[in-house]
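Only one chain is given next, in structure tokens, and it is the form predicted on its own.
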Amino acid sequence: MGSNVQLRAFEPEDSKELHRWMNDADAIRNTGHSPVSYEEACSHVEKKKASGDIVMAIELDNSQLAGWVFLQKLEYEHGRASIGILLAPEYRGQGIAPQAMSHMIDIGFKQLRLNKIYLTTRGFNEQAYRAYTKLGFVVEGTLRKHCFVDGQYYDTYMMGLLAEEWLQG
């Protein structure tokens, strides 16, 4: 993975950009959430942090904020967490997401000593599916016709990655 992507703490002033990203049409389609106000975006960040989620900003070498990545639903007693990512529309499709996720996966497995990191993705999001597969995630289950988008039902894939797979790879 290249060195042009770093993670740093997600700061309150980053919420302005998060608000923009969350209201992007592709983000809404791929995540299934509704448009949010600026106040709702700020509240979302605070709720994530208050619940113990690890929330990081994705920053490029030129100090540009490119997105955020997070570990949520941390269950230390079971050694697992869910990972999520959202990029600014102008940075999608440039290989930034796999680099950022790789850094966050390292944090999960090497620092937090997790055994498993998992995620869900919608069946029509082929770009995300390919990226997750390249990182080593495997489909563990399919929720058939689980989401309704643009007048049609689509499958949702449950994908997981184990520490032993990551650390051996």
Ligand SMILES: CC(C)(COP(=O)(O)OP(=O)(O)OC[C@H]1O[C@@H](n2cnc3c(N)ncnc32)[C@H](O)[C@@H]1OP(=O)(O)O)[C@@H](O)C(=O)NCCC(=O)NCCS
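Values in this document were obtained by computation on a predicted structure and should not be read as measured data. Each residue number is its position in the shown sequence, starting from 1.
Quick note: we don't show the form predicted in complex with the ligand, though the next part is all about it.
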### Query
So which of 54, 131, 57, 105 reaches within 4.5 angstroms of the ligand in the model of the complex, heavy atom to heavy atom?
131
### Message
Taking the ligand as it sits in the model of the complex, is residue 96 near enough to touch it, meaning that at least one heavy atom pair lies within 4.5 angstroms?
### Response
yes
### Message
Contact with the ligand in the model of the complex for residue 87, defined as at least one heavy atom pair within 4.5 Å: yes or no?
### Response
yes
### Message
Since only the chain is shown here, I'm wondering whether residue 126 would be in contact with the ligand in the model of the complex (any heavy atom pair within 4.5 Å).
### Response
yes
### Message
Since only the chain is shown here, I'm wondering whether residue 80 would be in contact with the ligand in the model of the complex (any heavy atom pair within 4.5 Å).
### Response
no
### Query
Can all three of 30, 92 and 120 be found with a heavy atom no more than 4.5 Å from the ligand in the model of the complex?
yes
### Message
Taking 4.5 angstroms as the heavy atom distance cut-off, pick the stretch from 44-52, 97-105, 110-118, 140-148 that is near the ligand in the model of the complex.
### Response
97-105
